[in-house]
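Consider the single chain below, provided in structure tokens and representing the form predicted alone.
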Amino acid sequence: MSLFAVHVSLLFGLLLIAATTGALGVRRRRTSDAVYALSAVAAALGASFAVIHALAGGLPAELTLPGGLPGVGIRLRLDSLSVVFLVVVNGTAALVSLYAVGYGRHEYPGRVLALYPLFLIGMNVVIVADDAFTFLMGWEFMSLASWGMVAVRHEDPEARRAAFLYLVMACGGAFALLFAFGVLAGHAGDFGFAAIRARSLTGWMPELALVLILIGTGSKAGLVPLHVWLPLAHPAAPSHVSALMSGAMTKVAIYGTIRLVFDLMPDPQWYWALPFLFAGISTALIGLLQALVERDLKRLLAFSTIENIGIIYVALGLAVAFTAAHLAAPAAVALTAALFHIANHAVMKSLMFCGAGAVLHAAHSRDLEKLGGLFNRMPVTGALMLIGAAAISALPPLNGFASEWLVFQAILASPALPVEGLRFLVPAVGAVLALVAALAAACFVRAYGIAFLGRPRSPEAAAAHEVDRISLAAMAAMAALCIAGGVLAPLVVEALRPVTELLVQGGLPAQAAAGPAPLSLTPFEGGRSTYNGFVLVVFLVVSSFLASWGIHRIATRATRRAPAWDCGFPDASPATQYSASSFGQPIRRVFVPIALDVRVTVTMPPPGDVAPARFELTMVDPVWTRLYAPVALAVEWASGRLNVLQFLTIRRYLTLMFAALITLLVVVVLWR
């Protein structure tokens, strides 16, 4: 038996045992522990085997299982791209499953136990699939299992709405992918990836396939305007499931984009970069602006996921543009930046969602206006969330900064592009991306400051307590990865080299020899720009120590305790402190009307009345009101008219079927 066969058998076997245990379990606490522990072990083995494959040089590895399409079977294949995503997805899943061993006992433990391992199976099948049938089978497995976990609170109307919308978007995306594979495979009918890779598309077929791929994978990744399900579904699911959906599932969708566009389609044209760049920067900007005004902590994180998906698609668009221009070095930088940010976001966002779950469990609320002062009651969670917030705000020396810095390095290489329009467009995209990066820092200063600092705004927040040690250990491991990803960025980039050499026939210079000092991240030959996270860490530690030493030498060592400043208000009520809405008001007034329909209502009491003023903020996503709402009304109108079809006679039914058959035959003849 080959190593790949052992890998597949152990991974899927353990996950199937976990799913069966979850379905048959009676004693919920022990069942919950067993399911999540098995899932953690299986995911860790999945990531470990992928690394062993890469180190042993046994790539590509192939395996054909019985089943699937006649004559095709279930084809599985492991190459360098699959290895990277197996490590990202299974590494994230292992840590989130470890977190769930502790946390999963609290939030709907019995309803998700059977679906959780099936969700992991679906994601792994997509990544190792080597034919269209297996890919779509894994895709649907992933979608249905996650839909079941989104619908776990089905007694709540909001959760039912989120689950319905997610199902509609998932079905639409799957149909688009189905047609995309049809276009790629053509009349030959061989849906194996090797046959699709060898086929050349003519005329407008590549552009049609590209549009279908972006719709199919973008709907799962959360690309604007296909993002409307994401801010509803992530908060509806349990927190550890939200972490996995945001940290891993969206990455599987991006894997689909990379596999289809960079591997299975023919050589790209320069204008293929345009939809990537426009959709990417729109997604980043709209996602962040919605996060800036959101009060619900998990919805805020969901909008932040949309923002980061936009950054990744901008990097992919740059990789397409440079590849079309046969500029291998900048293309490798752009693709490396996208892959690096994929890995970083998986860790950062999983940490943040797990932290949000800890907050929800401890304070019984996700509303920022009801939190506050949690750092004093949850110091470990607060410290770990601070690392996650700093990383996702792209602050050095953490991992988010390193990958976004690489994206900007690729943007700075745009003058080498031969197309005039792209030379103008890419810097403009870079300017908007810089604005997004700055606003992301403001967004997480607001979220962290309101939730963890100040005074508690509710009795539940005042009585919050630290979560269990297992959950803390998992979050600590994620935080450590955020630090390691920034300090050891050159090692990560070096590990991504086989993927860039496979897909864009280029790579970054050897990091050990190119930089001016050890652990320098050098995107281009000659070292014209470098980043060294290790030096930055040393500088921060030394400067902090010297500053602390200097302050204590110059100032007094005595500690003076005094009441907190109350802004001159005599009543020390938590309502006198800055709220999430007031914190975001300046940014909301300047930027948010650009992308959202916002209505603010302020009700002031009459003079002499000491009743509090009322502030109400209503925010509507214009994509929903202007795109999906009219379509939903049209579908409802059409379904009402077509309702008469269920009352036809048998003769009319037969006539209808015959007409449909003739129409399809005519279409097939015209197609050929």
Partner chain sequence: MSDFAFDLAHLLAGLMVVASMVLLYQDRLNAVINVFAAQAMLLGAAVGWQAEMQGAGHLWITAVIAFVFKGVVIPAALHAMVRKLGIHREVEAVVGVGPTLIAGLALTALAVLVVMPATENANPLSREDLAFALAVVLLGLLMMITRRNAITQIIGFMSLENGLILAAAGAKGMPLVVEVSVAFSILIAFTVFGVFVFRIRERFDTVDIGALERFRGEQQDDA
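Just so it is clear, the structure is predicted and the values come from calculations on it, not from any experiment. Residue numbers count along the first chain shown, from 1. Note that the rigid core is defined as the largest set of C-alphas that superpose within 1.5 Å between two forms.
As for the form predicted in complex with its partner chain, it is not shown, yet the points below apply to it.
- Using a 4.5 Å heavy atom cut-off, which stretch among 34-42, 609-617, 57-65, 641-649 contacts its partner chain in the model of the complex? After filtering at 4.5 Å, what remains is 641-649.
- Message: With a cut-off of 4.5 Å between heavy atoms, is residue 655 one of the residues that contacts its partner chain in the model of the complex?
- Response: Close contact exists here: in the model of the complex, residue 655 approaches its partner chain to within 4.5 Å, heavy atoms only.
- Message: Can you tell me whether residue 24 touches its partner chain? I mean in the model of the complex, with a 4.5 angstroms heavy atom cut-off.
- Response: The answer is no: residue 24 has no heavy atom within 4.5 Å of its partner chain.
- Message: in the model of the complex, does residue 662 come within 4.5 Å of its partner chain, counting heavy atoms only?
- Response: Judged by the heavy-atom cut-off of 4.5 Å, residue 662 is in contact with its partner chain in the model of the complex.
- Taking the rigid core as the reference frame, is the Cα of residue 653 displaced by 2 Å or more between the shown form and the other one? Residue 653 C-alpha, core-superposed: shift of 2 Å or more.
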